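First, one chain by itself: the form predicted on its own, in structure tokens.
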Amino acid sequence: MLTRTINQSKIMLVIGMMILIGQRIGQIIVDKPVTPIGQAIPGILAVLFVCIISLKIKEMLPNLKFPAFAWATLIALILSMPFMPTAKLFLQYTNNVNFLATTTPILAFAGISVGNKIDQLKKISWKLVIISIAVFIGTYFGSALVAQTILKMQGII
């Protein structure tokens, strides 16, 4: 168990470095004010700590079909709720981490995960295309509906 935790921590550190590099490159390309890496490191460590905790919860509850990613989302949501004493500190540090920089490793690992299940995807065949189109259309119209409702409520449109 300790060896597994150490290996997970090593992988998380590599991912943290990927995020910092991606953030730096993104800021240079978009010509945005550059956040010093030293300011982003505490936010990265906070995010990685949440990830490690979520992996440990997933390991402790193997019969529960709830992915570690969902645990991480739930923990981060709870830590950042306005009534939580951790909210100010957690948000102060994680605000220095660029969201788009975090998506690069997430998408890379999602691709690897899908690649490992290519045989299962082949069994689904053409049905996957129809489901994907339905999901994309539903997500698009759902997002547009939420945006329209909120913008109307705020009087912006």
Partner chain sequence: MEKKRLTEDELIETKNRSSIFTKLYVSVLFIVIICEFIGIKKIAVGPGQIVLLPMLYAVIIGMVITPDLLGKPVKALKALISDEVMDLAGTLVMFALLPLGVKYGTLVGPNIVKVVQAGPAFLLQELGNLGTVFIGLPLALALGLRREAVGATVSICREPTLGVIGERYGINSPEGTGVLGTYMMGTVFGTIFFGLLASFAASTGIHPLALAMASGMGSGSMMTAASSSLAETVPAMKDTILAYAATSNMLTGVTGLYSVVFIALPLSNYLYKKLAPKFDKKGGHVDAN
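Note that the structure is predicted; figures quoted are calculated from it, not measured. Residue numbers count along the first chain shown, from 1. Each form is matched to the other, and the largest set of C-alpha atoms that superpose within 1.5 Å is called the rigid core.
Below, we refer to the form predicted together with its partner chain, which is not included among the displayed structures.
Not displayed here, its partner chain is approached by Asp119 to within 4.5 Å at the level of heavy atoms in the predicted complex.
The closest heavy atom approach of Leu100 to its partner chain in the predicted complex falls within 4.5 Å.
The shortest heavy atom separation between Thr35 and its partner chain in the predicted complex exceeds 4.5 Å. By the criterion of a heavy atom within 4.5 Å, Pro82 is counted among the residues contacting its partner chain in the predicted complex. Residues of 4 to 29 placing a heavy atom within 4.5 Å of its partner chain in the predicted complex, in sequence order: Arg4, Asn7, Gln8, Lys10, Ile11, Met12, Val14, Ile15, Met18, Ile19, Ile21, Gly22, Ile25, Gly26, Ile29. Once both forms are overlaid on the rigid core, the distance between the two CA positions of Met17 between the shown form and the other one is under 2 angstroms. Here Leu151 counts as shifted, since its C-alpha moves by at least 2 Å between the shown form and the other one after the core is aligned. Relative to the superposed core, Gln39 shifts its CA atom by less than 2 Å between the shown form and the other one.
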